[in-house]
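Just the one chain here, laid out as structure tokens, in the form predicted alone.
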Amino acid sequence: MTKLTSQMSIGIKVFNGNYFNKSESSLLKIREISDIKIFQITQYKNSKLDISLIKIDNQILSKMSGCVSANFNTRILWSGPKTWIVISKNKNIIDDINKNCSANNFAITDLSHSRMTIQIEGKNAFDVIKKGCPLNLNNFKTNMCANTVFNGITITIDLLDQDKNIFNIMSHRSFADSFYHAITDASLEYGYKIE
């Protein structure tokens, strides 16, 4: 399946917003993360399996609300009670998931084509998200995630690096254009670069 990203369909210039007389390093960086696999794993209510015994790409399924297990290739986001989102650059991650999560205990859903992920990076990334999101981000730390809304669009926020202010924000692909417009509109004040 060939993806037409929201950025490509809108035809945005490389630099936008209040970027004049600013160094390129001070601008927000906005990019769509593509070529990743996204799976939802849900443990059945009647399953007695101890999830602490399960590892996917050497990452645990966290029992803690809003926690993320991560390595270079794979991030596993706690999405709800007994529900996780696996995001991976590994094209064969489904093999690892199927090996460790039996069909007797888990429902596995491929979300790869129904979600889009925008990454926003820069010192004003928190401010951009706060403009459209009711979530209190003041205590948000690296490897924390949350389900919330941004300008009325349901999203999942994943903080990759608190020091560099790098967020991955995932939404349904059907809202891709609206979501992309909302993020870039909130970024105009600071100036941003499309990567």
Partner chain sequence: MLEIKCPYCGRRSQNEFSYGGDATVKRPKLNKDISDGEWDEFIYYRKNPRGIHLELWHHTSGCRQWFKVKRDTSTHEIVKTFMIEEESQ
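Positions refer to the first chain, counted from 1. Computed from a predicted model, the values in this text were never measured in an experiment.
Below, we turn to the form predicted in complex with the partner chain, even though it does not appear here.
Only one of Ser62, Asn147, Ser47, Gln162 comes within 4.5 Å of the partner chain in the predicted bound form through a heavy atom, and that residue is Asn147. Out of the listed residues Asn124, Ser79, Thr117, Ser88, Ser79 is the one that sits within 4.5 Å of the partner chain in the predicted bound form by at least one heavy atom. Under a 4.5 angstroms non-hydrogen atom cutoff, the partner chain in the predicted bound form lacks Thr142 among its neighbouring residues. The closest non-hydrogen atom of Ile51 lies beyond 4.5 Å of the partner chain in the predicted bound form. In the predicted bound form, the partner chain sits within 4.5 Å of a heavy atom of Leu135. Residues of 153-191 placing a heavy atom within 4.5 Å of the partner chain in the predicted bound form: Thr154 alone.
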